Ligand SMILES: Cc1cc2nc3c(=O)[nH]c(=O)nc-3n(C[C@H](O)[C@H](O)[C@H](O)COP(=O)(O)OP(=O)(O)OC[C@H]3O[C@@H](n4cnc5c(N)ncnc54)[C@H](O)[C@@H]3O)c2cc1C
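The chain below stands alone and is given as structure tokens, in the form predicted alone.
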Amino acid sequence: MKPRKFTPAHNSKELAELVCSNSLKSTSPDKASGILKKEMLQLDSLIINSAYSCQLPAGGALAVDRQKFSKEVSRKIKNNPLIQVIEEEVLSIEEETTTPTIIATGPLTSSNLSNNIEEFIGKENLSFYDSISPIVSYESLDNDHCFRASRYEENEGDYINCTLNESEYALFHRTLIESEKIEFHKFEKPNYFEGCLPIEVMAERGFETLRFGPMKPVGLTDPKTGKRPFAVVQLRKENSNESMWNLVGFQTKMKIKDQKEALSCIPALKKAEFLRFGSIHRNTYINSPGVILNTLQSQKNPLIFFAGQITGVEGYSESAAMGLIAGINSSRVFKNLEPIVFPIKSALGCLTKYISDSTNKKIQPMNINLGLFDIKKPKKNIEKIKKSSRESINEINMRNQIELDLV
């Protein structure tokens, strides 16, 4: 619906605008996130391919220059002769459609369509609150209180680490606790996704919580002291010329003046210039079990597919993965072929099983993780998981191509 209408969190006219982190997480082949990306690349994912073409150094993570990434995805879509882009708000689902339709409206679905989706699926949409990390300018950092390094690496790394000693951390923690937060309306109930908690919520859980979360100092040695800091705030680059850096894991719902006061307690950020403050927005997703099949077709009308974060997955790669599956299956249905159920030996299959398994009565948004794979002691059996993942996707690719060629 952009640019005619924007959500509270979006402001770019381009497609694929990243409004939270600029990282698509780990590319390590030994981690679930890396396995998922590998599968998506095997299926020629537009999103993952575009991300790699706009990649920024970020250790083992796939971080992107968010503006370049958005423009790259927009360019590929708008230059595709088979795609017509219509920039207007859709207000309702065509429930009796006879043509495959994918609903991928994101976690910030507009109220009219959100209400219509709720009527269509016959269940209430669940909601949780997701927040955006602040961004600071590089020039405004105090280099006497930070150093470049990635965890467990001896050479200069891809992150800027802002150090705090125990008394500095105590002041920061206390300021977070005392900060003024954005108030919720009476009809709203906070239901945070555990993997994306605001820093002030973590602070309220205990003095040490942040030090075991986004401020953990493990794997880092301050070259100025030769010791591990008491706590660190990691900054990750936002753009290729390194003029903008975001605070990793520092989502917040504090008011702006309180953000300034709290973050200035971090010595390296004492005089920081904030290019973007943290904010909060409402995310909605479907309680998919019993509503959406493991092919991402809706139970009510198999010609209507759901994709993206609205299905109950969490994360950029995971959301794009659901779009990939919905795209493949809607294409197959259009050609009168059976939709593909991705095997649970694959990351794609694990995710679709999680959101569609009718034995789950109520789900929370889920990132891909090794625990979703149907295998005992997944960390010890990582090579087996990687092998079965690769074989599963190769088999699907081959089957899909052969059947499409026959058509």
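Treat the numbers as computed from the prediction; the structure is a model and nothing was measured. Each residue number is its position in the shown sequence, starting from 1.
Keep in mind that the form predicted in complex with the named molecule is not shown, yet the notes after this line are about it.
- Taking the partner from the other structure, the named molecule in the model of the complex has a heavy atom within 4.5 Å of a heavy atom of Ala9.
- In the model of the complex, no heavy atom of Ile182 sits within 4.5 Å of the named molecule.
- In the model of the complex, none of the heavy atoms of Leu404 sits within 4.5 Å of a heavy atom of the named molecule.
- Interface residue remark: Ser21 is counted as part of the site for the named molecule in the model of the complex, having a heavy atom within 4.5 Å.
- Among the residues Pro214, Pro107, Gly157, Pro229, the one placing a heavy atom within 4.5 Å of the named molecule in the model of the complex is Pro107.
- Only one of Gly327, Gly278, Gly315, Pro198 comes within 4.5 Å of the named molecule in the model of the complex through a heavy atom, and that residue is Gly315.
- Per the 4.5 Å heavy atom criterion, the named molecule in the model of the complex is contacted by stretch 306-314, the sole one of 230-238, 306-314, 243-251, 263-271.
- Although the named molecule is not shown here, in the model of the complex the stretch 65-95 places heavy atoms of Glu88, Glu89, Val90 within 4.5 Å of it, in sequence order.
- In comparison with the shown form, the Cα-Cα distance of Lys253 and Leu15 increases by at least 3 angstroms in the model of the complex.
- Note: Asn367-Lys253 Cα separation is 3 Å or more shorter in the model of the complex than here.
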